[in-house]
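The chain below stands alone, shown as structure tokens; this is the form predicted alone.
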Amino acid sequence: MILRSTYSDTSGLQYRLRAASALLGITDNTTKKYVDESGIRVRRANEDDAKAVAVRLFDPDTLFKLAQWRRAKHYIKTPLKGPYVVAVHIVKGGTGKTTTAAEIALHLQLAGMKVLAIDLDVQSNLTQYMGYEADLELKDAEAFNLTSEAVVGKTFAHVVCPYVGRGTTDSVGELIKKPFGEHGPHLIPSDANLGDMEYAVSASKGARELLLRKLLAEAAQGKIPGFDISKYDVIVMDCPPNVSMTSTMALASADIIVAPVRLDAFGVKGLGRLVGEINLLEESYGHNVHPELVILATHFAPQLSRIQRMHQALQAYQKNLAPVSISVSEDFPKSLEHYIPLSLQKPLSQASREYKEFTDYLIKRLVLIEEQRAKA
């Protein structure tokens, strides 16, 4: 019996050429060209079944390797002086926030970037999307055919709490999960113990809102023993869907804030609260805190008049509105049941295509931020 290192079973994730090309965002011919040039081995279907047609079968690890090779060859333009921080936040539940964080992390990695996703929500939905069950205990792992790697164990609180107390930060090697292997997006998971971080920060002194910003800046410079994030290009943070010290710190540390707005009255109202929180941070800390807001409309259904009205209401934020919306789909709740991001389950789906387009837009925004900073 083979034990798995995540709660999800990714062994069935195999893609033919068309699906692999869709995930990489290139043509079939280009994919074949890259395989030949890179020397990266791609399995053939007839390796396991002599009667099968010898078509290429890509797995996620192969795709991530191809993506990194492609970037190293400068075949895709990405920011080069990270890590940049993308915080996914809206003061409203049920908007697709966690789905958006998972899909962004995945598609950034498929663009060749090195991504660390951090689950900052005690509900642990991003942790589940990435293949882990927050309630799983070590003593029960083997009963589910799982190794100790499938157990969450530690959360971001194990970094922040010692930092607040100026103690020794726990080893990042014990903290970070690799749900799709070394070449896929990495994850700092969450469980109920993450709440310790909120209490520790709330009891601290000084500019608490800037604590996470300072921590990440020092970690990117290798100044925090055991927590060096300099190898990552982007940090994607899934924030709790409420106003809290954790979410405020995440906003203050972000280069880009992605706000998934469900197209209903409550979603638009939640956006207003988020904008108010960003404005307050900027007023308090001036040019030191100036994240760029990107609004992503979700649950879009153009045939419904109320959806059209809500989309019209977002025009008040036109300069911040992303040029792509995420359509309503029953595939999203189903994907969570399998502990695997939707794009890896259905790479040819409309949802995967839309999140790929949105991530491409985000990459352009990050490149522009880098260019503007170079000129400053």
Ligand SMILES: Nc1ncnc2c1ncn2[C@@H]1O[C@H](COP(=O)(O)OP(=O)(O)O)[C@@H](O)[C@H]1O
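The first residue of the sequence shown is number 1, and the count goes up from there. On a predicted model such as this, the values are computed, not experimentally measured, just so you know.
This protein has a second form, the form predicted together with this ligand, left out of what is shown; the following refers to that one.
Peer 1: Tell me, please, which stretch of 148-156, 277-285, 183-191, 98-106 lies within 4.5 angstroms of this ligand in the model of the complex when heavy atoms are compared?
Peer 2: Every other range fails; the passing one is 98-106.
Peer 1: Can you tell me if Tyr132 lies within 4.5 angstroms of this ligand in the model of the complex, counting non-hydrogen atoms only?
Peer 2: Judged by the heavy-atom cut-off of 4.5 Å, Tyr132 is well away from this ligand in the model of the complex.
Peer 1: Under a 4.5 Å heavy atom criterion, is Gly165 part of the interface with this ligand in the model of the complex?
Peer 2: It does not: once this ligand is placed as it appears in the model of the complex, Gly165 has no heavy atom within 4.5 Å of it.
Peer 1: Does any heavy atom of Leu66 come within 4.5 Å of a heavy atom of this ligand in the model of the complex?
Peer 2: Looking in the model of the complex, residue contacts with this ligand do not include Leu66, since no heavy atom lies within 4.5 Å.
Peer 1: Give a yes/no on whether Gly222 approaches this ligand to within 4.5 Å in the model of the complex, heavy atoms considered.
Peer 2: Answer no; every heavy atom of Gly222 is more than 4.5 Å from this ligand in the model of the complex.
Peer 1: Identify, from the list Ile40, Val324, Leu336, Leu314, the residue with a heavy atom within 4.5 Å of this ligand in the model of the complex.
Peer 2: Answer to the contact question: Leu336.
Peer 1: Would you kindly say which of Asn320, Ser349, Ser329, Thr62 lies with a heavy atom within 4.5 Å of this ligand in the model of the complex?
Peer 2: None of the others qualify; the residue that does is Ser329.
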